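Encoded as structure tokens, the following chain is the form predicted on its own, with no partner shown.
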């Protein structure tokens, strides 16, 4: 046995371990029989506090990084308000949802999940969409994502998921990317992740802006009304500007040109008065319908298709004020799915149950004190009275000799609130079950909704998923991992798997490999039951496709247009398009060979906003080249050709009038096209109202993805 009395004689190499051929144990050396499932009261029941394995694992995970958030480290925030447009007092007693026009202040933080604070905004990743409602009954946090499902079903696997997706520990690479071996190794052994993989490999994972992405509560929650009647609820945020993404090649170039692209976009929109807006919708499922569907409402890897349960809009959220100080507000805000108010309650979703423990623990680690609720951005507008005292950085000054309950010396104060006084009471759900580490068989369908998502996409969107998988898996060095993932993809769609396999130089296996934990007996496989595919009652859902699901009123509000100019530019043409865009609340930026003034054909001057060196087409939504008396300076310019070629490759609108049309027509990519799509708007005339209208109508289509087969096939 090692002599711990003589530290100099200790062999430090004994502290190095990779776990090869070893059993899983707790930090106390206790062998773990099931590492996939938390301890529950019944296979669909609530998780139990006595689960020391889960608590130890998550506690260690929550304290691994300080002070940066372990996940969602890179974020942007803003203040605003939530306004009720359709009160639902019959469904919930939550005070902030009772009256038409009722307003509640909010703070919202958007974020990427995997990257560090210094990573890029345009990483392929899920996005956090966390909203803190400062209600009169206390703070309510809807801690959501821009994707309605998650990778895993049980919180016991969350540390493993994040360890797998983070930079690999031996070399700390790659940053803010899932395209590496450890992530896909984990995914290849976790079939339950396949639905989320479809979303993350789609353009949902590379949004055009925070203002143009949806938000989802992910979990099924409860609403409880004044009669103590309960219904299940799913929360949805739907953006006013529609849901839009960017091309993957474009995202990578944006990361190089402006890694703060989303952060800057949100800030500038609010500063300019173009306040971002979302509608809040709910899907309501009666309690008696809990087992009605082919999926389990408690499974966080599943959605409730809108064809089965429509989304009812109950309010809108407007963000109208940027933070005064990023650190004090955006960085120090502390969200927690356990911050709820009377009228909103939890379900036994095993991922949600773990989050209810994890978030308090991680805030203690990150913010360094149990008094993080006293930081101004976290303070409730409702009065706070309790017997919690002291602790690091305590700010509240509590008077009197009493700090306990019950008491008589303080007159019994603060005293408990009755339910009729607004006191919180958990929904009285019956739980009668054995303590088990198991997962309900109703959680076993890992491919049905992945199929639904893929089948709901347009051909262009399916092509993007194929390319994303080829890119991600193409970065994986292990052939065995790639083949295992192909096996899982074949269960989603055989043609999808075959197309991905071609790009990888691999073959799709005849059947997927069944993941098994080494050393786990069959009766204790836990989360590794044989995956199944349930027959879906909904075959396709338009709501799952961004292209099929535009806004009700197509708009170009806040879109940015690059106007490429040189000396001698037509002042009339520039003013024509700028005024037309301004009426649509869009923005034109003048791009020139150099900063400073540009002389116009009338002897006037226009100021350049950017030079070719400081701008790129990937930072704009459309490109316009106006007529000029002398276009020679840009006719053969490599920078202009790069602008036009990238814009065309990324399926954006390109416009030109007069002599400038020849510059567009001669751009290398475009010159090869015989039939222009309606996203190429050109005319020999100059500064006509018809041209401006056609250009703007094309922009309302967002992108012309149908170009891609001509570009890459």
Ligand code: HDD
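A quick note: this is a predicted structure, and the numbers were derived from the prediction, not measured. Residue numbers count along the first chain shown, from 1.
Note that the form predicted together with the ligand isn't included here; everything after this is about it.
Stretch-level contact check against the ligand in the predicted complex with heavy atoms at 4.5 Å: of 90-98, 340-348, 443-451, 68-76, the positive one is 68-76. Between the ligand and the residues 124, 559, 109, 439, the one pair within 4.5 Å by heavy atoms in the predicted complex involves 109. Note on contacts: among 178, 566, 617, 363, the single residue with a heavy atom within 4.5 Å of the ligand in the predicted complex is 363. Contact annotation: residue 210 falls outside 4.5 Å of the ligand in the predicted complex, judged by heavy atom distances. Mapping the unseen interface onto this chain, residue 354 counts among the residues with a heavy atom inside 4.5 Å of the ligand in the predicted complex. Contact annotation for residue 280: none of its heavy atoms lies within 4.5 Å of the ligand in the predicted complex. Contact annotation: residue 358 falls within 4.5 Å of the ligand in the predicted complex, judged by heavy atom distances. Residues of 134-149 placing a heavy atom within 4.5 Å of the ligand in the predicted complex, in sequence order: 143, 144, 145.
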